[in-house]
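Single chain ahead, by itself, as structure tokens, in the form predicted on its own.
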Amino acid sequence: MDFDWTNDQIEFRKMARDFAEREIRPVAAWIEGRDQPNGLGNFPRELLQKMGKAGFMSCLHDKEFGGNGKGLLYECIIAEEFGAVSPAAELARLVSCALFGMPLAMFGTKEQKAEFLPKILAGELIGAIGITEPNVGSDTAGMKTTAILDGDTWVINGEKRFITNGSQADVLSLFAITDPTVKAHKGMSTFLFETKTPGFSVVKNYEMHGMHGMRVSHLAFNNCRIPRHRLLGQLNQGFKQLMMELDKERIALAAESLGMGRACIEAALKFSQERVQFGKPIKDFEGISFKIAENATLLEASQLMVHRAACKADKNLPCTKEAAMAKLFACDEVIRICDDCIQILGGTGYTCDSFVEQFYRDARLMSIGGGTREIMKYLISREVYSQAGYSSKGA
């Protein structure tokens, strides 16, 4: 294994970090709602367009449709660098270009890709993915949203909730049941759904514990008619499409957690050097320096797991176990890192003037979204038993 970054990757990271400092940091407080009169956050569409113009929406996509084809490891570099400045802005970007964009890139026709991908990658359109429902989370087999073919149109009815970018999205990768006579995983399909379609509505935007800059929405579909050619991929293959997309999503989410953890450690390092108590900087006390040592170790271990999983994905090797391990470890440990960094900063860290307090709230989402820590443990145990030659049933 080669643990060294290439010169191109080093330069790309510098470009991503410079962009984050120049374009994201000046609006980070506005995104969180701190500079808005109503206190509500929002993700500015213009920022997505700047990301697109700079090429930061393109790593997972082919050049034919506006991508640069650099791969998931480069996508992880972006997620880490942008996540270190504004986790909400990064998540909104990731959802549009990856969670929406990947199913389209993997299963769309040439015509579908040409219609939507260039505009998504340029930030001209915002994408989202519609899976979760009022009674459906980890168990996607319980999906209730339906799509019934009526002549040359699909009629869609149902609800989706906790949809990131939901009320801002122009188009969704929408999962719905197309054959109710079989189990859901055999009768689910995917559609390209434009939110300008009559019958579509935003029920509400959720107020979140963290990630205040995201729009996370409850959506409703009431006899929405879309053209027959909006079916994405083959009929009744939606569940398989969903499973193929999730590994990369989880790796990228883990990479965003790296950025949050790194930023908090950097803040704690600086504070512990400058804060003087009992006549010396608090970094000279083992109660502080040992926390720094432990968290630096956790961050380093998380980075290695994320980067290994991304490299396997880029080589088209099976990586379900590695992706689940990386997400479980990185997304859980960033919560501990943020917590310890608040402890180092003391009262300063607990105030809303501190981004560490914000990141502590933001980080809590990461062990829920994209698959809970419980689902990650299930996947890991299943893969471990299977690779050892044992049945994974009941694991």
Ligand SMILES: Cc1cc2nc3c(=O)[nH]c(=O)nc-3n(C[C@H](O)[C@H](O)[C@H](O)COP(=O)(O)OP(=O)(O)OC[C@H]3O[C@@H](n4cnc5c(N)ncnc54)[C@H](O)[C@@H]3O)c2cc1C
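We number the residues from 1 along the sequence you see. On a predicted model such as this, the values are computed, not experimentally measured, just so you know.
There is another form of this protein, the form predicted together with the named molecule, and it is not shown here; the text below is about that form.
If you check 28, 335, 345, 365 against the named molecule in the predicted complex, which one has a heavy atom within 4.5 Å?
For this set of options, the contacting one is 365.
If the cut-off is 4.5 angstroms on heavy atoms, which of these, 130, 213, 259, 101, is the one near the named molecule in the predicted complex?
Looking at 130, 213, 259, 101 one by one, just 130 meets the 4.5 Å heavy-atom criterion.
In the predicted complex, which of the stretches 196 to 204, 137 to 145, 280 to 288, 111 to 119 has residues with heavy atoms within 4.5 Å of the named molecule?
Among the candidates, contact is made by 137 to 145.
Although the named molecule is absent from this view, report whether residue 164 comes within 4.5 Å of it in the predicted complex, heavy atoms only.
Close contact exists here: in the predicted complex, residue 164 approaches the named molecule to within 4.5 Å, heavy atoms only.
Against the named molecule in the predicted complex, would residue 208 count as a contact residue? Criterion: heavy atoms within 4.5 Å.
Yes, residue 208 is a contact residue.
4.5 Å heavy atom contact, residue 370 to the named molecule in the predicted complex:
The answer is yes: residue 370 has a heavy atom within 4.5 Å of the named molecule.
Heavy atom of residue 21 within 4.5 Å of the named molecule in the predicted complex
Outside the cut-off, so no.
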